[in-house]
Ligand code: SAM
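Here we start with a single chain on its own, the form predicted on its own, put down as structure tokens.
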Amino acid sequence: MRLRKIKGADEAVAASPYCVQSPEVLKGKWYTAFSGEKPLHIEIGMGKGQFILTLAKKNPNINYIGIERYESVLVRAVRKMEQEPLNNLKFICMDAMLLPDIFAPGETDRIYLNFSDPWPKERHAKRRLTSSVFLERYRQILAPAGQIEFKTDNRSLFDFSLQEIPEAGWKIDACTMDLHHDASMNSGNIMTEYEEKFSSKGNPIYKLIASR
């Protein structure tokens, strides 16, 4: 993925009170970063933040962490938070491979994966966020009753996920091949920027929910 570098993004993220700079020190005690001990949900690959900002605003009884690898993307969400701060949302700029280093076993209750990079070449399959490599990391940090929610418009990535998840020892609790025309699974759905773009072109949105 070719990413346009935004001047000053690194400095803005490093200086933002909404971004946790040393997340490893909060392992096992993330509730101290918020106003109280509540369920903890995380989004991996949060992009510009529309999804998790909306989610946090709608659910003040849940603490949220948005994880994004690139400062030039994360800075967009930081600017939105500056306009409308939320005390139940924090951001981290990091690679998702490091999840077990910053979250204790069972510390997270839900993981959102929205429109992740499909890494279409087979040799890059392990980089996909629904690969067995990442599923093992999710297993280490997710509560026993926790779930993963995954949305994409990429049929190949979705088919890969439908096969990979059960093979990794997880179960698929719910699945749809056309989210916006599935009344049950679309109830309460919050769209990401990508979702709005793709669905406006008539592309079906795929979604699954998985648990251990």
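The first residue of the sequence shown is number 1, and the count goes up from there. Just so we're clear, the structure is a prediction, and the values are computed from it rather than from any experiment.
Here the subject shifts to the form predicted in complex with this ligand, a form of this protein not shown in this document.
Peer 1: So, a 4.5 angstroms cut-off on heavy atom distances: do all three of 103, 131 and 165 pass it with respect to this ligand in the model of the complex?
Peer 2: So, no: the whole triplet misses this ligand.
Peer 1: Within 4.5 Å of this ligand in the model of the complex, heavy atoms considered, which of 136, 82, 95, 122?
Peer 2: It is 95 that has a heavy atom within 4.5 Å of the partner.
Peer 1: Consider residue 193 of the chain shown here, and say whether it contacts this ligand in the model of the complex, taking contact as heavy atoms within 4.5 Å.
Peer 2: Residue-level check for residue 193: yes, a contact with this ligand.
Peer 1: My question is simply whether residue 108 lines the interface with this ligand in the model of the complex - judged by any non-hydrogen atom within 4.5 Å.
Peer 2: No - in the model of the complex, heavy atoms of residue 108 and this ligand never come within 4.5 Å of each other.
Peer 1: Quick check on residue 31: any heavy atom within 4.5 Å of this ligand in the model of the complex?
Peer 2: Residue 31: no contact with this ligand in the model of the complex.
Peer 1: Test of understanding: in the model of the complex, would residue 38 fall inside 4.5 Å of this ligand by heavy atoms?
Peer 2: Because no heavy atom of residue 38 falls inside 4.5 Å of this ligand in the model of the complex, the answer is no.
Peer 1: Sort through 177 to 185, 142 to 150, 42 to 50, 156 to 164 and report the only stretch with a non-hydrogen atom within 4.5 Å of this ligand in the model of the complex.
Peer 2: The contacting stretch is 42 to 50.
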